[in-house]
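Only one chain is given next, in structure tokens, and it is the form predicted on its own.
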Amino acid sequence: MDLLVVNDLVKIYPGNVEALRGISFKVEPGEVYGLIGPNGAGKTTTLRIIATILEPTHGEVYVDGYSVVDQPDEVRRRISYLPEEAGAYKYLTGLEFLEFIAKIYTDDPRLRSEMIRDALAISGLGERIKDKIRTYSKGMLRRLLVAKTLMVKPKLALLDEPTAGLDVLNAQRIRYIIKEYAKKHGIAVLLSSHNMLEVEYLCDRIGILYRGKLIVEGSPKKLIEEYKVVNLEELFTKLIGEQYESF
């Protein structure tokens, strides 16, 4: 059974701005699916609708069989969402923040301890986990937030630019953790990213969004072979028809 089903999703903002124009896709348990596209393509709008933050204008979205419109509370119990510009309580330590989040999700001390243990491993912050969040760099904060998102083992993790602000080594580490965590725990992951190399490594399948439409979908390897390109960056440029002048 597909964990996430998006069917003919449309979102029109005031002023008749069409952010999404009938997109459809599915994500299975344990699968990492990437939405890629330029700014304004509709990636964040899609994630926010699935996260029950926005209501669709038309179409259906189901998470684990529950409608985001008719059963939003059930959907929220099954997802964990990391927005691109997410923050944390800066006067708490990293550990205090994780403990606070764990208490929201469960009253069971054993489960809370397990969540925090996983989060410590995911974040890789070491002794800095005991420092105030206000002392963290942007990259350290992002690592903490990715850990917070995954430690609760949601059925569906929604990650908007999960490695934003991370250096190369930490970005690679977080990509590996996301991929392995999804497979190990059967978590469906839907992420957006501008980093084509990241998507190529991390995602089992991708969907390219352009002007609110899903213009192509498939595994990175098969799409690269089908369109006879070197990588996803070249595929993306080819599909949206933009030509760049050399300087």
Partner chain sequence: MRVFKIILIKELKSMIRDPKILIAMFIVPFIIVGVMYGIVVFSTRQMVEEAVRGRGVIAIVDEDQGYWSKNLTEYIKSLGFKILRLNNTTVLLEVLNNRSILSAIVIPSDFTENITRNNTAYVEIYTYIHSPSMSHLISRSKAIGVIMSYSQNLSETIIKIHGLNPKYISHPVNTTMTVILKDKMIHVNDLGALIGGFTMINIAFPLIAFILASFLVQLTATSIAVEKEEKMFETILSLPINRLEFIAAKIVAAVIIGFIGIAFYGALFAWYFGSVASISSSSPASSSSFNVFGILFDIYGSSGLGAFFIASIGLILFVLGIAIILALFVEDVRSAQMITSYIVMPFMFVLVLSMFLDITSYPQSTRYIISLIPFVNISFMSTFIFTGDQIAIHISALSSILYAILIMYIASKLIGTEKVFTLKLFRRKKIRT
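Residue numbers count along the first chain shown, from 1. Remember, predicted model here, so these are calculated numbers, not experimental data.
Omitted here: the form predicted in complex with its partner chain. The next part is about that form.
- Proximity to its partner chain in the predicted bound form, taken as heavy atoms within 4.5 Å, picks out 43 to 51 from the listed stretches 200 to 208, 22 to 30, 214 to 222, 43 to 51.
- Looking at Gly126, you'd find every heavy atom of it more than 4.5 angstroms from its partner chain in the predicted bound form.
- Among heavy atoms of Thr93, some come within 4.5 Å of its partner chain in the predicted bound form.
- Not displayed here, its partner chain is approached by Ala88 to within 4.5 Å at the level of heavy atoms in the predicted bound form.
- Although the partner is absent here, Arg143 lies well away from its partner chain in the predicted bound form, with no heavy atom inside 4.5 Å.
- For the options Ala119, Leu159, Ile79, Ile174, the residue carrying a heavy atom within 4.5 angstroms of its partner chain in the predicted bound form is Ile79.
- Shown here without its partner, the chain carries Tyr62, Gly139 and Tyr181, none of which come within 4.5 Å of its partner chain in the predicted bound form through any heavy atom.
- Within 4.5 angstroms of its partner chain in the predicted bound form, the stretch 4 to 25 places a non-hydrogen atom from each of Lys11, Tyr13, Ala19, taken in sequence order.
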